[in-house]
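First comes one chain, alone, set out as structure tokens in the form predicted alone.
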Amino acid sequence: MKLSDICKHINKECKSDIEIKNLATLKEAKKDSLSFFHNSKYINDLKTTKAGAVILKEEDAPLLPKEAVAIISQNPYEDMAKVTSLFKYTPSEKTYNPTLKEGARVANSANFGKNVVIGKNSLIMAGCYIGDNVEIGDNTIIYPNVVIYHNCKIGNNCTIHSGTIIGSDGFGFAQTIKFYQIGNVVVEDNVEIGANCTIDRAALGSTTIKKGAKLDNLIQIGHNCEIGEYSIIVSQVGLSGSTILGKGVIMGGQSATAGHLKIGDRAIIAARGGVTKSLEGDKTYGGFPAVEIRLWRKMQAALMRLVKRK
């Protein structure tokens, strides 16, 4: 779309007539991308973005590279939400035959959107739905009743257990205005995902499960999260949107994170730990809010002594 037409849709002034081919995060944007800025945590991405245009507040405009067009807004998130309605994906309602590579097998009751590719020796079992433009790698097993939404990518040697949903919408609203989730989910090689997990597609860009990660049952991963290589996520963990886990992170059962934070390589979060801020790697944390485990144990001991005095 022409940038001028997009600006008319959100009632904003724009003198530029460049063509916008996609919406993207500041970090991933290219010269034909439109992005937005509303969170100071991404100020460095704003300063270096290659986006053709950015929706942002007037006071932030001086930080934008001079090559980019500034679209001034009092509420950039809300205006970007309105723009996403112009780029939302409309899935097909028909069932198509997938492209099957050598040795691939699919159950008769599995259903497929258009342009689906199933890799060599992969197996799609009964009751699965694989949406438009999904690519599934070689030697991957998808157990019954798994749903993979449009545009997602699954790597080689993966296992996805029954009832899991990959690519459903992340929870994105600007007040009551829906922020259409137009990204996807990318699952890299050698990943195992347990039963009844939900992995939300990205608002912009990709939610990524990196190679070798292992996910237990009943896990919620929010939009734009990144699960690091060889991480281990135990049952009933919940990750809020834009959480980034480094390599080899271990999260115990029922632990959780707030959004837009990073957990460093090889960090361990004890069961029921609540992560409210970014944490360094190579340390073990526990409690809510999560602190280093030794400090948490001292706090629990001190609390017990205080209670016993009464």
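What you see is a predicted model; the values in this text were computed from it and never measured. Just count from 1 along the sequence shown to find any residue number.
The form predicted in complex with another copy of the chain exists for this protein as well; it is not shown, and the discussion that follows is about that form.
With the partner omitted here, the residue from S85, T99, N196, N75 that has a non-hydrogen atom within 4.5 angstroms of another copy of the chain in the model of the complex is N196. Of the candidates N115, N156, S206, N111, N111 is the one whose heavy atoms come within 4.5 Å of another copy of the chain in the model of the complex; the others do not. Contact check for S278: no non-hydrogen atom falls within 4.5 Å of another copy of the chain in the model of the complex.
In the model of the complex, none of the heavy atoms of I268 sits within 4.5 Å of a heavy atom of another copy of the chain. Looking at K211, you'd find every heavy atom of it more than 4.5 angstroms from another copy of the chain in the model of the complex. The shortest heavy atom separation between V187 and another copy of the chain in the model of the complex exceeds 4.5 Å. Using a 4.5 angstroms heavy atom cutoff to another copy of the chain in the model of the complex, none of I10, A29 and A81 count as contacting. Contact annotation: another copy of the chain lies within 4.5 Å of heavy atoms from the stretch 237 to 245 in the model of the complex, the single such stretch among 58 to 66, 237 to 245, 45 to 53, 32 to 40. Shown here without another copy of the chain, the chain has K214, L215, D216, N217, L218, I219, Q220 in 209 to 225 lying with a heavy atom within 4.5 Å of that partner in the model of the complex.
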